[in-house]
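Read the single chain below, which is given as structure tokens and is the form predicted alone.
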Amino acid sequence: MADPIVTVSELLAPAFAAVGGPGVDPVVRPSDRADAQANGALAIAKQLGQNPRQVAEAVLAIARDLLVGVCSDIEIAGPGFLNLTFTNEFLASQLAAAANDSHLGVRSTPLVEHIVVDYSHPNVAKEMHVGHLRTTVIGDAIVRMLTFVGHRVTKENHIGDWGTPFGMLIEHMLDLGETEAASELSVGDLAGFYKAARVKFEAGEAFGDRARQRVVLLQGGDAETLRLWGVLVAESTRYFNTVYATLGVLLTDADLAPESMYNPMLPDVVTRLRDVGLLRESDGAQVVFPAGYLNREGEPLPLIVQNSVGGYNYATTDLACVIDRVERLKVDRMVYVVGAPQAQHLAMVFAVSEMAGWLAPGVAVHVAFGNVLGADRKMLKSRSGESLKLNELLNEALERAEAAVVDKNPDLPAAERTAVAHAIGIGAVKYADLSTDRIKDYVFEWDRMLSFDGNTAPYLQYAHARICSIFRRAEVDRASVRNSVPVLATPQERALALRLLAFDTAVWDTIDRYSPHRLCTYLFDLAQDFTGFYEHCPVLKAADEATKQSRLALCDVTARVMEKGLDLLGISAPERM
């Protein structure tokens, strides 16, 4: 079972191929004039030098037999458009099939790929701030959807756990004492720990010398230094996991792909680039000049893989990542969920990887995103003017959500109230992010995102809970109505059925564009269509038992699509609010 648009497109393809030749796309889309419109005749007409309406008539002569039982009306309009109206029986049968499908009608991928998704990327001994929100929730939604349609997905959390700052961090930890330092890190004061180390590094020559010597020991593999470094990593990771648990994302320790993992591979990156003749010397550094990249002076822009004193940088590590993912993981696709400011850097890394023969064109994809802004339309900050800690933002979301739940439903038991508040608060934060076109900046507004009206998570969650309440009041087991074939007797029932059947296309459109806001828009439209249905079509007070069962079936599949759609975004759907 699939979206009727997809089904009709497949049924029409032979008719268009018979008139215009193989490979002609019927281009079927939803239409305001009918249920769907096929626009392929115009392209055939241009190709053959014929009148587009005559082409449409030739296609229609073949297509009528193919669409028996599917379309109640087909008419030619404008320059050869085919306006298609589906039969109610066809829609009802498709919807009944979706209700009995574990994927609710969403097609599985015809070609299973191994896809690595690179996202979240916090830094050891540094606070996760609001900037990490976008990469984490967008990446998590993409992972959920790719997995849902059948791809093999590897999650990689490329955390920053290596480099010169670890000299001062280890020395600061020794000054505090391991136990006290671990305690400070485990309660989430990573920002304070890092700042204190930085102040000592900049203020004291003796501390600076110790820190620099510690870096040498770390890079040289000194066992005690590596043990101390491991304490920093472990305590920071424990803190990251508390944030991930609050957010409800899928990342675990098994998904960590730290910078340190790639450190032994960096010399080989330089060697391999030299062996294929790509390395050039520029101001003492070893660089590659990918074609088409220029600096502000119009000169070729280099990707530096080894600096003038022999050190490596982010580009070297990113190139090692590409090699590892292609050669060890043997991935078919790499998805990098990284902020838009890194677009040029990643594009150059991909270009050099292709030049070296490590990467085929199109395998690596940059899923870029904009910034989170405050009410002043500047980067969102804390009240003190510093970067807003992610855990502080999430805690505030939970507090505000609990107050909203108490106001809306004061009779909920305390434990259930806490669970519902968590679902609403975290859902509101995630949905506000995901419902915005990812490439754009968005303004963070508590009142809007926690509202039970408009395109928000609480509105969608409440729509789901309201449907669940219908079955509680009716004392009907939802599973008992799933074998019913609904009767689409009213415009509202028909509109709801069409929207439900579009879930397949909404999911695939979101995956194809790596744009979760498209699924958000679909779910909001679905909730509005359900409201129209519920207001015009009595369910529990239906005129007869058959109509009641039919409408209960529509309610059930709506709730299930809503719940699954929210789940694909990483958002919970409570049954009571």
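Bear in mind that the values here come from a model prediction, so they are computed numbers and not experimental data. Position 1 is the first residue in the sequence shown; the rest follow in order.
Another form, the form predicted in complex with a small molecule, is not on view; read the next lines as being about it.
Note that among 428-436, 209-217, 313-321, 288-296, the stretch whose heavy atoms approach the small molecule to within 4.5 Å in the predicted complex is 313-321. Between the options 160, 79, 300, 150, the residue in contact with the small molecule in the predicted complex by a heavy atom within 4.5 angstroms is 160. Contact annotation: of the candidates 171, 504, 493, 118, the single residue with a non-hydrogen atom within 4.5 angstroms of the small molecule in the predicted complex is 118.
Under a 4.5 angstroms non-hydrogen atom cutoff, the small molecule in the predicted complex has residue 342 among its neighbouring residues. Using a 4.5 angstroms threshold between heavy atoms, residue 123 counts as touching the small molecule in the predicted complex.
Remark: residue 422 does not count among the residues lining the small molecule in the predicted complex, judged by a heavy atom distance of 4.5 Å or less. Using a 4.5 angstroms limit between non-hydrogen atoms, residue 269 is distant from the small molecule in the predicted complex.
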